[in-house]
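Alright, here's a single protein chain in two forms, structure 1 and structure 2, each given by itself as structure tokens.
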Structure 1
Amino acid sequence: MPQQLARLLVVFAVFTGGLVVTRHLLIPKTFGQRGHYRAAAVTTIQVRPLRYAGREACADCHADIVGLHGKGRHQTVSCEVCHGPAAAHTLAPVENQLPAPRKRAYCPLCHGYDPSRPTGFPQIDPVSHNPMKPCITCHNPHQPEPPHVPEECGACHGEIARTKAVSRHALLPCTQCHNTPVQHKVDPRLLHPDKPRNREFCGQCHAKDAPSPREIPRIDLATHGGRYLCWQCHYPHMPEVD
């Protein structure tokens, strides 16, 4: 017998030996009972504790949120994607509190601009999209459609309206600063809206002692910016200062 053939036979013998050992000793007993699958795995998995409850389980106690969520653009994002596994919470809600992702860094995990995402998926640039605040100040996480921005002027002043929509003045209506005669929208050249004329106008909200909501940033009207008009330094439709 040629030498090579003898070696080949040894290799062959080891290989079949291995197969036989694997077949009879290593393959689990219940393998193959239900196709290419270890039937006993079902029981093994069954005894593991349930961690997820599913959206329907939340409706018993949070009916309002489930209702809101079911109608909004996040309806395909299940509750437990954001709040984590909640089975224990549904059994004893007070003892098992769920976290809520309130921080700004969370939402861009899905919405931060990334060219590999499908076209049409709503994406934003987290650096420039309303940078100073958590997303949930403007978007309800359970129904995140962008807040209604007053846009009646946008038909003709589209660029200003779009600029303002992503600025810190987003929620101020145009008419807060421009008294607009109805006639202007019909025949714009006939009657012009007015424009703020002095520093005091901006001071209504931004002066130190102004009676406006506390979160509005304040300046000292007497000294800030010297004698210049505010909009010589701040574009009023996008007044960010960084």
Structure 2
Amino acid sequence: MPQQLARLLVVFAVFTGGLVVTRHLLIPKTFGQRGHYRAAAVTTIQVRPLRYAGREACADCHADIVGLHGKGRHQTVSCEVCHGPAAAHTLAPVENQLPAPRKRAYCPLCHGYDPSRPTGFPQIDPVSHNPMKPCITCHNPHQPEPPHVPEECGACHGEIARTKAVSRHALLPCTQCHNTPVQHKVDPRLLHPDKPRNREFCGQCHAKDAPSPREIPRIDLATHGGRYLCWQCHYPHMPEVD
């Protein structure tokens, strides 16, 4: 037998032996009985004590709060997200009181500014937004609508507002480029502002024959940038040229 073949057979034998040992010693006996998982895990989970009660259990005693919560912006957030597991509380309410987060640091866990969060998700800068005041001073956590709609776009679009503030577009109001429905301030994720979609929009100020102040940079729309749209080369909130 060639030496190379003998070595290959040794490797194959070791690999096969490893599979046999793994199958009989390491893989649980109930693995695969009900699918690609350990069937005994179902029994293991079933014997664990229940910790969460669900919103329906909360409604048995707190129908007014659950009703208010069901109409507010937190309606998709379970009661136990903020108050913790409530199964023991439902069995003995007096002996097992649930925590009610009242400190300012809790709400920014979701609503502190984070650029990775979806556009339109209510966010604040915890340092500058009503400093030192607990959030519940102005917002009812079960129906957390603001006491008044935001006065400026920067209330929700903080990163864009800070970028625009140091750009050449700093003095332009957001509504000059974005057609914004009034209801957007109330339901920002339902109604979105419109965005410019063609080169001619920017040309209203930047075309060489535009009736705008002389200090504004001008271009020939017919030749500048070819077929590309303006914002493929220039970021509108910081439109400086490299």
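Residue 1 is the first residue of structure 1, and the numbers go on in sequence order from there. In this text, the rigid core denotes the largest set of C-alpha atoms whose superposition between the two forms falls within 1.5 Å. In this text, all values refer to a predicted model and were calculated from it rather than measured experimentally.
Between the two isolated copies of the chain, the first is the form predicted in complex with heme C. Core-superposed comparison between the two structures: the CA of residue 79 stays below a 2 Å shift.
Once both forms are fitted on their rigid core, the CA atom of residue 95 lies less than 2 Å apart between the two structures. Once the cores line up, the CA of residue 118 ends up less than 2 angstroms apart between the two structures. On core superposition, residue 192 has its C-alpha offset by 36.4 angstrom between the two structures. Comparing between the two structures on a rigid core frame, one finds that residue 8 has its C-alpha moved by 3.8 Å.
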